[in-house]
Structures are given as structure tokens and as C-alpha cells.
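Below you'll find only one chain, the form predicted on its own, shown as C-alpha cells.
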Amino acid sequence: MTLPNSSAIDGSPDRPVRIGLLGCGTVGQAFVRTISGQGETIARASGRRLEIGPILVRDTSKPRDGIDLRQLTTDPQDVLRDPTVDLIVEVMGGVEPTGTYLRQALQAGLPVVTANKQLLSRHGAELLALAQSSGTELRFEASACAGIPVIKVLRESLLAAEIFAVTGIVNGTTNYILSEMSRGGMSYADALAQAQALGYAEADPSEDVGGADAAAKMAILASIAFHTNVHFDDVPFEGIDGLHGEDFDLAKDLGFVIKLLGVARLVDGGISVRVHPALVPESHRLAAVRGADNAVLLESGTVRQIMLVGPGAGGTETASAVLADVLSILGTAQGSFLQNALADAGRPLLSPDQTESAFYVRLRVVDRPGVLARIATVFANSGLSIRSVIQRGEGDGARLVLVTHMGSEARMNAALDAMRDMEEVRGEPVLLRLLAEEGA
């Protein structure tokens, strides 16, 4: 392997910094347009000129605005082995073969900027270690919340702040859908269709609406906030596709809105990370985050609460974060970003059963005397305290909604199992967590 010509990064600023680009879809094209359109501004602000080199694509015959077809290649080695390339930007996505390409680049000493949350949530620690051993950089701001600089804030501004909680709306697609269902009474199917028509949701939205996208982002954020390697498989997640309109109406009656949240917390020396729909008090900061925006609330004993809000998706927004990482590499000493990034505090990952929340439970029951008392006994026997109850008759049955005080997932699961065995309960109970002052 030929080592990269790094003179443009470490040496004379007169030579342009040449970027090899892996992928040229929505984000990649936006990145190229940004460098082309803001070249003078970038040069003035950073003292460096940027230049796009070879670009890896699937189809070299497909025209792309502002890109010379001669720059395009379907062979990754044309990018990775080009001796004029100083830095690699990866926006192609996927775990493989992308991971193999980035390992090759890092082993060759090439700095890498990536927006790949799925790859980093599974192999981030390995890639960071490889970058450090090679004396180069791996940056990934765009992997978490696109245009929101949450990773930079955690790694630099709040490095010594002892973060104890990260709570986020980290998926724009689901936040848009839930906002429409809450605000306009739209059905899930209609809200999803509208999100797809506006470009907020993919043709196959399963990764977004099922919670996997948010889980990958929370694995990355928790790893950085708590200095512990949190893998994608460590994050239990639930999506929004099981929610119904009546849950939004009932949540409103109770003073809540429903959001898909990523919640990472330090609990008794361990770490709890999960993704799930949650009831958020209407007075809470996160309740006001609507549409396709993202928000991350950082809590610390030293700075109390800091919330970052902004676009969590979009080609231009993601390209902006990628470019910021490129400029940060050019403006800092080699390896500075990696110092202590791999530090492991030795904190254990908690079982989901150990985490605590307040709960919203919706049931359909037979309308007869004593049913509510029997269900209350189930909660009491499971060690859960009921905070409020709504009961509405519906023909020969009733809809029963109970909101609990804080309790463990294990206790709630025990109560659900007991209710499923009750002859008075019809169908499957619906469970949501609440975002309360104590945390969700």
C-alpha cells in the first residue's frame, strides 16, 4: 500500500487538499456542491483550499450536477490507492463493504470523515483504535444528528462535564410522523405517506419507524458521553408503527405528547440505553420539537441542562457536518481528537429489566363491577403505584388507562403478564413509557 501524500495537510497550505469521495448520492452531491459554491469562503476561513478527487459510484454513466464524469469510478481502489488523495470522505452507507474500505484507508494513514451511523454503532471502537494506531483521524459528526454538532459538544465543550443523561429525538422521519398524528389527528399510514412524499421518509422506512436508526445513533452518543463502548446490539429499541390515534388523544387528555426518544443514563454506576415511544409532558422542552427536527438534551451536574435543536436529516445539512469535520481535521494536530476517546470507565451495561420509568397502560376490559379493583391489585402485587386512571365505557366493555409512578421494567412486565391472564382483559395491553422529571 502506498502511503498518502500528506503534505497538503501537514505541510504547505499552498497545495490544495484533495479529497477522495466514497459515495455520491444525496449527501455526496450536496458535499461537492458545498465545496464548489463556498470554496472562497472555506479558503478564507481555514487557509486551505479543498479539491474533490476521484469519486466512487455504482454507475459512472449517470450524470451528476457539477461533477466531471472523468472523476467517477466503480473501483474503490481508484480512490483508496490514489497517491494524490489526502483525505477520505465516506457517504455511501452500509456496514460492508464500507467497513473494509475505511479500514484500508486508516491503515494507510489517511484521515477519514464518515456519516455512517450503522457502521460506527457496530465497529466504531475498532475503527477508532485503528486510526489511533495509524496516527491519523476518524471523524463522524454527521453520523448522529446531521446538522446538530452534538458529538463536537460532547467531545470538546463538555468533555469534563460528567454527563449523566442524554435524551434525544434523533430521527426526523418519526418525529414528523408523530407530530402530524398529534397535531392534525392524521392516521399513521397517512402521516407516513406524507413524510415519504416530502422526502423525509425512504420508500422502505422500516429502519426509521422501527427504531433501528435511532438505536444506532444512541449507541454512538452514549459511547462518547459515558466513555464506554456501547454497541448497537446493546440498545433495545421499539418503533412507532404500533401506535394508534386514540393513544394521542388520551395522551393529550393527560397533558402529554408522544415522541420517539433515545434515552441514555448513568444509573447506580451502570449504563442504560434504549429507544422507545414515550409520553413527554407538554411543558417539557422536547415536547415543542416538531416536524423533522431533532433535539438532544444533555444533563450534567456541572452545566445542568443543555439542549441542541436542529435539522436531523437532509443532504445539505449532513454535508455541512461532513465538511465541518474535514475542516476540523485540517485545523488540529494529528491525533488530537482521539486522545482519551477510547477510555473505558469500566461501567457495566444494565439489563433493560433494571431500568426504571413511569408507565402508561391502556387496556380494553369487560365492564363489570370489581374489574378496576382487580387490576389495581395486580399493579400493587407487582410493586407499582398508580398515579392516575381514566375509564370510559364502550358498549359492554370499557377502555381503561392507568398511569403509574416510577417503577422498574421487570415489575411492569410482571404486571402485564398477570393482566394478560385475566379473563376480564380483552386483547393485548398497550404500554408506553413517560418522560418525567426523574427520567424515562
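Note that residue numbering follows the sequence shown and begins at 1. As the structure is a prediction and not an experimental result, all values here were calculated from the model.
Beyond what is shown, the protein has a form predicted in complex with a small molecule; the following relates to that form.
S.K.: Tell me which of 124-132, 314-322, 188-196, 221-229 has residues with heavy atoms within 4.5 angstroms of the small molecule in the model of the complex?
M.R.: Heavy-atom contact with the partner occurs in 314-322.
S.K.: Note which of H405, K62, R44, R374 lies within 4.5 Å of the small molecule in the model of the complex, where distance is taken over heavy atoms; exactly one does.
M.R.: Contact residue from the list: K62.
S.K.: Only one of L154, M181, M92, L297 has a non-hydrogen atom within 4.5 angstroms of the small molecule in the model of the complex; which is it?
M.R.: Contact residue from the list: M92.
S.K.: Report yes if any heavy atom of L56 sits within 4.5 Å of a heavy atom of the small molecule in the model of the complex; otherwise report no.
M.R.: L56 belongs to the contact set for the small molecule.
S.K.: Test of understanding: in the model of the complex, would T26 fall inside 4.5 Å of the small molecule by heavy atoms?
M.R.: Contact check for T26: yes, within 4.5 Å of the small molecule in the model of the complex.
S.K.: Does the small molecule come within 4.5 Å of any heavy atom of S272 in the model of the complex?
M.R.: Contact check for S272: no, nothing within 4.5 Å of the small molecule in the model of the complex.
S.K.: Using 4.5 Å between non-hydrogen atoms, is A115 touching the small molecule in the model of the complex?
M.R.: Answer yes; at least one heavy atom of A115 falls within 4.5 Å of the small molecule in the model of the complex.
S.K.: Looking in the model of the complex, is the small molecule within 4.5 angstroms of a heavy atom from every one of A201, P205 and I258?
M.R.: No, the candidate spot makes no contact with the small molecule.
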